[in-house]
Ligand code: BES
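Shown below, as structure tokens, is a lone chain in the form predicted alone; questions about how it binds or moves come after it.
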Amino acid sequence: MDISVQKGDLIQQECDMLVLGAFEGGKEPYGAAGEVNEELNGRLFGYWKAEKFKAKQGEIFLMRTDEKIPAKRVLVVGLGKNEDFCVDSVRQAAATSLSVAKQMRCKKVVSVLHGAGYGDLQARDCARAMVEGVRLVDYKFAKYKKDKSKAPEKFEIVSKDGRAVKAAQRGVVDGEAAAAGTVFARDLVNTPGQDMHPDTLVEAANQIAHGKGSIRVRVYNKEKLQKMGAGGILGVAQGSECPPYLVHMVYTPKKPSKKKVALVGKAVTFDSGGLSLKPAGSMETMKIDMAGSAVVLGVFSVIDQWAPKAEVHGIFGAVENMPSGKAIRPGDVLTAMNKKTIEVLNTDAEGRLTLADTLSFAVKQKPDFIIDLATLTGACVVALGEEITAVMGNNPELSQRILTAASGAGEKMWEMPLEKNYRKLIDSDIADLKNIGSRWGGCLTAGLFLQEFVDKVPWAHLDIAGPAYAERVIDPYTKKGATGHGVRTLLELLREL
């Protein structure tokens, strides 16, 4: 499907479907919808009143034009209430329109540039959001099951404003990159454990870097990890036949600034729980436990196109957590890369053990800040539900920047506290730390555990356990399955550096 922006008059566009938008509560069409209504001699508004179309967010009204204008059909997408309208409303409207276009088997769709000039929304951001919505709703993981649905051949965004068109064309480039990175992550997370192993993630990193002088990859195997003292990664990997790896990717911009960023992802390719075995039902989606690393890889897959000015490090420790005669036992003590000892009371709290080493490794790169992403705790899902990421960190400014970027990216995040008084809950009688606290506040004690491995470097932890994988339809562009949640937020953040 070709997505483009053109200067022109919507009414004159020949297409299978012309897409317009309308706010809830409007007494009559205005803007582009008003012009089309006038050209159709008031039939557009007359029919939508007859159909009791209220223009609530996601609501649609579709009618044939009977050749009164070149477009065969007009689709009006509800944008919801004016006061609730934001850039994600644009993303959802575009996704909704493409879903209808696919159902109607349209070959060419022409759409208004939703949201441009409304409030403080800019044409570039609106076009980017539209492309993201269109590409992401069109996503399908078809490796094991064929999908016969077809997208339109062309999706054109049309505006009369020449300046808006130029800005929107840049937005299309942004949106294509952001969507491609998100899709890259979705494909990795959707891959079942039989085809997703630690070396699969190593291969993905190498493929991303292949032929790109700006990205280099270094891989540390089991023997090197032993020399590095990476007891967390090695301990979790003990029970699996798959060897562990630590992967270090580095992006160097053509004109580097002095800023350096480290992105760290949890990379447990399948999590059985180890000897603290999960119930069968809880294992069904544990192919997703490498979603943090998938986000990092998704960012790196498009980082050349995105071209941030900062040097970016992508780091993850790839392991599989399995039960066997070689697996770590509850009560064992591991020594992390920064020499801190950890009493393992629950082998199903394994992600934080691998992150102990990868965060320690990230500190050695001397970054300005570190962000880690992990499907870390069920407690986070209990606290915030399936759609919201918990943000915790030692630097309020960094946390706020992440929340701002997430808002623009349409990815829901909420700051949680690292309560100092809870730190004693992870004290161990025989080691520096234990890997679980009490049953209460598990999301927070996990964050406090990770904080022990970042030294004094500004750091934020994103617990993506809920939104990394959708168990149901979340919004028009997020269907059931892997979401790639976090890729667009990190790209947004990197652009602002």
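Start at 1 and count along the sequence shown; that's the residue number. Note that the structure is predicted; figures quoted are calculated from it, not measured.
Keep in mind that the form predicted together with the ligand is not shown, yet the notes after this line are about it.
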Is it true that Glu24, Asn82 and Leu121, all three, sit within 4.5 Å of the ligand in the predicted bound form, judged by heavy atoms?
no
Within 4.5 Å, heavy atoms only: does Ala379 come near the ligand in the predicted bound form?
yes
Test of understanding: in the predicted bound form, would Thr375 fall inside 4.5 Å of the ligand by heavy atoms?
yes
Looking in the predicted bound form, any heavy atom of Met413 within 4.5 Å of the ligand?
no
So in the predicted bound form, does Asp125 come within 4.5 Å of the ligand, heavy atom to heavy atom?
no
The ligand isn't shown here, but in the predicted bound form which of Ala151, Ala167, Val250, Met286 has a heavy atom within 4.5 Å of it?
Met286
Listed residue (Val87, Ala349, Ala336, Ile303) with a non-hydrogen atom within 4.5 angstroms of the ligand in the predicted bound form:
Ala349
Select, from the options 286-294, 398-406, 155-163, 207-215, the stretch whose residues sit within 4.5 angstroms of the ligand in the predicted bound form by heavy atom distance.
286-294
Does any residue in 251-281 get within 4.5 Å of the ligand in the predicted bound form, counting heavy atoms only, and if so which ones?
Lys266, Asp271, Lys278
